[in-house]
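Just the one chain here, the form predicted on its own, laid out as structure tokens.
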């Protein structure tokens, strides 16, 4: 008998080994992304829930804080002040924490951050959208400048290691790294502003001068840059040393690689070796660190913005803490938590792209 083969079987071609490997890798990477995103969502929920409980353990509540202010300013009775405040606030201080949490969680699922308690009718998301861009601008500019300077100086330290230049820059980097950013902010205000009078602290309050017209024009841009200059300088000084030391360490490890020695043996120009072989490979670990740093520096800007009275997200958070505005605090903490978590997610995904062993870890 002559066996007959189905036309469908004749048309079907066996899957190649390369195609199977690519399909397997794509499936693993998709699972890796889902796992990282799920961890991020659970982390945001856990941190914001903990924060929700923590801020309600603070002494006082929005009504008590405003009642005390009215008693000091107007000298009326406590009962009258309490009745006036309670009637204007949409907040029940006697409600249980569980009921408040369920209400907040229900609004959050609908992507609603609620209204400010101390400013009825004001959406928290609108206030965050008003202050957040200024913080992103100051933090972003400061990190970008310090990152670029750190890469250049770190490579110089590695190339001229054990030289007077290396010792001087290493001492400088260690010194500025050991001082917290808020100390640098205070030193700038006290020494440069008050003692030497290089700038007027009072005129730099806010994010731009009140007499300029908002828009893409020189007076507004120059005013915004002048008001953001001091926070930017503080961010640069407080983060520069870390980039310098990390870039020096990364560059020195790359200089010992065989491909660098081969490039030198081939007689390539030093500029070519620095840009194509050393600098590019030494910078890779720092990019993931830069991603993570964005989230943490954004959260640490609360004190910096309050020192310079820079009206960013940190200033808004500080004012919310002072008045015990629970919904505003929860909204800001949610944004800060999401920023830090998403920065770590981007770093994890970046590691997964650069090193496949990261994303397949734990796979069977």
Partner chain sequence: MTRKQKTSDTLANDSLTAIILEIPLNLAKAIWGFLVKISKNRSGFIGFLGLVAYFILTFILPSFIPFDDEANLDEITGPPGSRIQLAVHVDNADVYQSLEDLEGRVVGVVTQTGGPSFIAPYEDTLTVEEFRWSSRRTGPGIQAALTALANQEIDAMLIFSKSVDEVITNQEDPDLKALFDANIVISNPTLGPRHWLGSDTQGRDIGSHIVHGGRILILTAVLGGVISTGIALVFGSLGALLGGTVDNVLTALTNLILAIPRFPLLVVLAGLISFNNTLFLGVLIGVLGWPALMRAIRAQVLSLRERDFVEAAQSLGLGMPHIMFREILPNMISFVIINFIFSITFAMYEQIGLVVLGLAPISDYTWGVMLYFGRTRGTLFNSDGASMALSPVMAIALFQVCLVLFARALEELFDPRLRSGLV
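Residue numbers count along the first chain shown, from 1. Computed from a prediction, not measured in an experiment: that's the story for all the values here. C-alpha atoms forming the largest set that superposes within 1.5 Å between two forms make up the rigid core.
Keep in mind that the form predicted in complex with the partner chain is not shown, yet the notes after this line are about it.
*Asks:* Between 212, 183, 149, 229, only one gets a heavy atom within 4.5 angstroms of the partner chain in the model of the complex; which residue is that?
*Replies:* The option sitting close enough to the partner is 183.
*Asks:* Looking at 129, 171, 198, 72, which is the one with a non-hydrogen atom within 4.5 Å of the partner chain in the model of the complex?
*Replies:* None of the others qualify; the residue that does is 171.
*Asks:* Are any of the heavy atoms in residue 311 no more than 4.5 Å from a heavy atom of the partner chain in the model of the complex?
*Replies:* No - in the model of the complex, heavy atoms of residue 311 and the partner chain never come within 4.5 Å of each other.
*Asks:* Even though the partner isn't displayed, in the model of the complex is residue 250 close enough to the partner chain, meaning a heavy atom within 4.5 Å?
*Replies:* Taking the distances in the model of the complex, the answer for residue 250 is yes, it comes within 4.5 Å of the partner chain.
*Asks:* Report whether the minimum heavy atom distance between residue 178 and the partner chain in the model of the complex is within 4.5 Å.
*Replies:* Residue 178: contacts the partner chain in the model of the complex.
*Asks:* Even though the partner chain is not shown here, does residue 55 get within 4.5 Å of it in the model of the complex, heavy atoms only?
*Replies:* The answer is yes: residue 55 has a heavy atom within 4.5 Å of the partner chain.
*Asks:* Looking at 97-105, 112-120, 242-250, 215-223, which lies within 4.5 angstroms of the partner chain in the model of the complex, counting heavy atoms?
*Replies:* The contacting stretch is 242-250.
*Asks:* Superposed on the rigid core, does the Cα of residue 309 end up 2 angstroms or more away between the shown form and the other one?
*Replies:* Comparing the forms between the shown form and the other one, which are aligned on their rigid core, residue 309 does not shift its C-alpha by 2 Å or more.
*Asks:* After core superposition, I'd like to know whether residue 318 moves between the shown form and the other one (criterion: C-alpha shift of 2 angstroms or more).
*Replies:* It does not reach a 2 Å shift.
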